[in-house]
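Below sits a lone chain in C-alpha cells, taken as the form predicted alone.
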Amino acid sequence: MKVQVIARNIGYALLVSALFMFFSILVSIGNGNDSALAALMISFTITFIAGIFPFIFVRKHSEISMQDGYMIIVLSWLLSFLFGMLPYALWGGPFTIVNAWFESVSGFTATGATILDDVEALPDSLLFWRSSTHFIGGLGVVVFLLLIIPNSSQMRLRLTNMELSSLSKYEYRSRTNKTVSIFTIVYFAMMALSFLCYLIAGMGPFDAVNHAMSVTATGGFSTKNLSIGAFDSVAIDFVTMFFMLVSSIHFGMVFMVFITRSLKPLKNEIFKCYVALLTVASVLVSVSLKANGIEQGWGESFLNGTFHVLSYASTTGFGIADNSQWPMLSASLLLFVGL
C-alpha cells in the first residue's frame, strides 16, 4: 500500500470541500459578514492546508494498486465527513461535536436527517455549506476526484471501476471512456435547470440554489423549517416533484434522452416498471387521504399524495404537509416505496 499515492488523492477530495467552504465564505461576506464567517474561514484554512499538503511534500506517483484504490475511496469519504463537520462545530449553537458529525455525515451521504429543530436560525452561509455537502455527496467525493485525474491514467480507470456499480457502467457501454464526464454533465445541468425553474416559480435566488443542490442530490436539506411546504406554492411543488423524479432515475438514461433528443431511452423496462409503481402508489395514497378526510378536495389529495410518494421513492425527503397523522394505508405505502 503506497501512502504517498493515497495521500495525494485524498488531498483532491479535501480540496473539493475547501472550494465549497470558500463559496460559503463569499455568501457570508455577501450577507454582511454573518455569524458563521469566522468558523468558515478557519474551516477553509484547515481543510485547504490538509488538502494541499500532500501536493507540496509528496512526490507524484502514477501507479495505483487495488488496495490503494479502496483506501482512497474509504478515506476520502471519512475525511470529508470529518472536515465537513468543522464549520458546524466551530460555529456552535446546537452543534456539539456529535451533532456536527451527524449533520456532516447526513449531508455528504445525501441522507437528509438533521439534529436541527430550527433550520432557519442558521446563518445563510452555514445553510449554503449544509446544502453544499449534499451537492458534493450526491455526485460523490470520488467522482469529483476523478474529474481532476487525467483520462489516460490507470488510476482513473481503477477508481471508476471501484466507485461505480456494474449496472451503472452498463448504461454507459457506448461511451465507457467518458463515464465520469457524463455523470458530471448531467448532474450540473440538472442542478442549473432546477435552479432556473425554482426562480421562475417564484423562489428567491438563495433558496433556489440551496434547494436545487438538494433536489439534484436527492438529499432533502432545506432552508426552511417546513421544507417545501413553507413556500405554499403549487408551482414550486410541481418543480420539486419533477426534479425529484428525474434525479431518481439513472443519469445514463437522462443523458441519452438529451443527447439523442428522443424519448426512446425511457422505454427501458425497469423505468416503465418504476413509473408504474409510483403511479399506482400515488393514486392509492391520494384516494386514502380523500377517503379519510385528511384533504377536502381531490386536487389537494393528489398533490400531497403524489408529492410525498415521489419524495419517499427518490429518498429526497422534502415535504409539503405533515404526514405523521396520515392513515395506515398511506403511511405503509410511503414506507414501501421508500425501500
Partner chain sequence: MERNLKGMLAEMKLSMRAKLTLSLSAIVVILLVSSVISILEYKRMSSYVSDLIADNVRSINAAQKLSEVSSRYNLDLLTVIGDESVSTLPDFHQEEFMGQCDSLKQSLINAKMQPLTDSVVYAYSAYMLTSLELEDVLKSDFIDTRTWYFERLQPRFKRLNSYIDVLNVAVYEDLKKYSATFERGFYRSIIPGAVAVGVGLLLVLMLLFFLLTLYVNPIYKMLSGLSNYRSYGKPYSYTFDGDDELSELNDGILQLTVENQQLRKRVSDMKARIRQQKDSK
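Note that the structure is predicted; figures quoted are calculated from it, not measured. Residue numbers count along the first chain shown, from 1.
Below: the form predicted together with the partner chain, not depicted.
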Inset, instruction - Select from the listed residues Leu116, Ala89, Leu193, Ile249 the one whose heavy atoms reach within 4.5 Å of the partner chain in the predicted bound form. - result: Ala89
Inset, instruction - Check each of Val287, Leu303, Ala50, Leu278 and return the one that places a heavy atom within 4.5 angstroms of the partner chain in the predicted bound form. - result: Ala50
Inset, instruction - Mind telling me which stretch in 278-286, 294-302, 38-46, 307-315 gets its heavy atoms within 4.5 Å of the partner chain in the predicted bound form? - result: 38-46
Inset, instruction - Could you confirm whether Gln4 comes within 4.5 Å of the partner chain in the predicted bound form, counting heavy atoms only? - result: yes
Inset, instruction - Answer with yes or no whether Pro205 is in contact with the partner chain in the predicted bound form, where contact means some heavy atom within 4.5 Å. - result: no
Legend entry - Distance check, Phe57 to the partner chain in the predicted bound form, heavy atom within 4.5 Å: yes
Legend entry - Heavy atom of Phe128 within 4.5 Å of the partner chain in the predicted bound form: no
